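Just one chain is shown here, as structure tokens, and it is the form predicted alone.
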Amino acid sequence: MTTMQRIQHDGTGGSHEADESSPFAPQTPQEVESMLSAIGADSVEELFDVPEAVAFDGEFDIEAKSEFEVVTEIEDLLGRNADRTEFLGRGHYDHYVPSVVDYLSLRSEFLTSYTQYQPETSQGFLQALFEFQSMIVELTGLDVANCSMYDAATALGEAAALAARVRDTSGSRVLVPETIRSERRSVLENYADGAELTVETYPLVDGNTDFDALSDRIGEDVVMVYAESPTARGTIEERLSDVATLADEHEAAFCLGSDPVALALLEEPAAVGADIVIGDASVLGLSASHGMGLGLFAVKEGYLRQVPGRLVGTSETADGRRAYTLTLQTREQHIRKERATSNICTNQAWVALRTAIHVASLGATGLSSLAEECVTRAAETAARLDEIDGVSAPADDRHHFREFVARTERPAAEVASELADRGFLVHEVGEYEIQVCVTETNSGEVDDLVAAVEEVLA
């Protein structure tokens, strides 16, 4: 049935049947008929173009099974998956997630919560989001952080749109490193198309910004310069202050891409002159999903009223107690419509909660230790691979964070394929280059990876 009988009480203890309608679409049949007549349609079904091959005909044709039978069948199906150890990175990083993250975030008041528009019923979640914002502010050194974006790619797109809005003079170019991850560039170009911006790249040398080439390519028509540290190749940028100064001299915003673990060790973005910081905060709180993320977005105070997404602020109740609430909502789409700072009208609040719990459980010392391990593990693994004939690692003569590129004498496609046959997944990033990422979750398999590389290149 597409409608539901509703019973209405008549105030005398009795009841009567109301018109049939869905509790989620409260129009009566007469109202539906009137609307269909006004637009010249005979039925609601005419409004939807559903191919006959996938249209529901009233039968699912699925054999009925018990829960035990279904669970057994699914376990058998999943058991056919090849057992592989991932040494994959490039924006998707697998760090150990403490059990407390699941224990707290899966509580029903968090898991089933909707947007916290009613602060009187949402103080707990609002405080958690405020703490997330505070953590990002502390890690970046900037003044304002929102309580999340969809992912790093949408955060980058929003950064470019913000830079275009705040620029005093005209301009339309956005400069990004040539090694920018494909998904980030794709989303950025979608944003740029709507904002009448163009995306151009600048080259890198040994994995880091070619400053001379960037100086040649920047001009008065550039609205934003984007750099990453760590880069897509895992290198740590060494001239961020120079890039920031160059951008400032041309009245362009400087946007830096990073993540919370790296920010615990590297110099604060504010200290190197960043105007905007974006990245993926789900490196903490989520296992590598190779899909869903958590965009972080922080800016200097001068950009406050141009920030996309939601902001949680503090206030006081009538009796003087601290209270949390969504603030500066006149920036947002549900109020300003087409004049809003962003078309995004939601966020990743639950994932932000998980990240905040993870950061809090690590503490400042634990987070710094994790970041230091990301440097030492990458360096040690690269050194071991470099001892193998036919491998040069790292390919870039830089400091690295989590991951690095290794050059191989054999074609990278063959090396990656044969490593997969032996149970190890690495990135193929060039004709003779593979990329390896090491964290605490796969470091115990490094010995076997090294042995497998030796076999492949023997």
Partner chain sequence: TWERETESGEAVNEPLLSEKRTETVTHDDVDLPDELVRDELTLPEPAEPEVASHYTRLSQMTYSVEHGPYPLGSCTMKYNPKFIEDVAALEEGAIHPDRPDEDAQGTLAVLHGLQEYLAEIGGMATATLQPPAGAAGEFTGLLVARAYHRSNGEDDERREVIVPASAHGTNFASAAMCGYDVVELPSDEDGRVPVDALEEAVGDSTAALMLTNPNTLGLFERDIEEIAEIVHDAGGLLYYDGANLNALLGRARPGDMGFDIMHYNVHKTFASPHGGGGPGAGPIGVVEELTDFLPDPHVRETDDGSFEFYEPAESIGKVHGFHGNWLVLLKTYAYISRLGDGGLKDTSAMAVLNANYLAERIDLDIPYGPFHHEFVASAGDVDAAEFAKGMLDEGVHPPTTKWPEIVDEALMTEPTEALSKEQLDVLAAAFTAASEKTKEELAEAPTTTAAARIDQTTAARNPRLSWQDVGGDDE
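Here, rigid core means the biggest group of C-alpha atoms that superpose within 1.5 Å across both forms. Numbering follows the first chain given and starts at 1. Nothing here was measured: the structure is a model prediction, and the numbers come from that model.
In what follows, reference is made to the form predicted together with its partner chain, a form of this protein that is not presented.
S.K.: Just give me the single entry in 205, 71, 383, 213 that has a non-hydrogen atom within 4.5 angstroms of its partner chain in the predicted bound form.
M.R.: Of 205, 71, 383, 213, the residue with a heavy atom within 4.5 Å of its partner chain in the predicted bound form is 71.
S.K.: Here the chain is shown alone; which of 172, 245, 201, 121 has a heavy atom within 4.5 Å of its partner chain in the predicted bound form?
M.R.: The residue in contact is 121.
S.K.: Quick check on residue 333: any heavy atom within 4.5 Å of its partner chain in the predicted bound form?
M.R.: Because a heavy atom of residue 333 falls inside 4.5 Å of its partner chain in the predicted bound form, the answer is yes.
S.K.: Would residue 356 show up as a contact with its partner chain in the predicted bound form if we use heavy atoms at 4.5 Å?
M.R.: Residue 356: contacts its partner chain in the predicted bound form.
S.K.: Does any part of residue 409 reach within 4.5 Å of its partner chain in the predicted bound form? Heavy atoms only, please.
M.R.: Output for residue 409 is no: heavy atoms all beyond 4.5 Å of its partner chain.
S.K.: So, residue 348 and its partner chain: in the predicted bound form, are they within 4.5 Å at any heavy atom pair?
M.R.: Yes, residue 348 lies within 4.5 Å of its partner chain in the predicted bound form.
S.K.: Taking the partner as it appears in the predicted bound form, which of 213 to 221, 287 to 295, 245 to 253, 172 to 180 has residues with heavy atoms within 4.5 Å of its partner chain?
M.R.: Contact criterion met by 287 to 295 only.
S.K.: Where, within 69 to 97, is there a heavy atom within 4.5 Å of its partner chain in the predicted bound form? Residue list please.
M.R.: Those in contact are 70, 71, 73, 74, 75, 77, 78, 79, 80, 81, 82, 84, 86, 88, 89, 90, 91, 92.
S.K.: After the core is overlaid between the shown form and the other one, has the C-alpha of residue 82 moved by 2 angstroms or more?
M.R.: True for residue 82: a C-alpha shift of 2 Å or more.
S.K.: C-alpha of residue 411: shift of 2 angstroms or more between the shown form and the other one, rigid core aligned?
M.R.: For residue 411, whose C-alpha is compared between the shown form and the other one after core superposition, the shift is less than 2 Å.
S.K.: Spell out whether the Cα of residue 65 moves at least 2 Å between the shown form and the other one when the two forms are superposed on their rigid core.
M.R.: After core superposition, the displacement of the residue 65 C-alpha between the shown form and the other one reaches the 2 Å mark, so yes.
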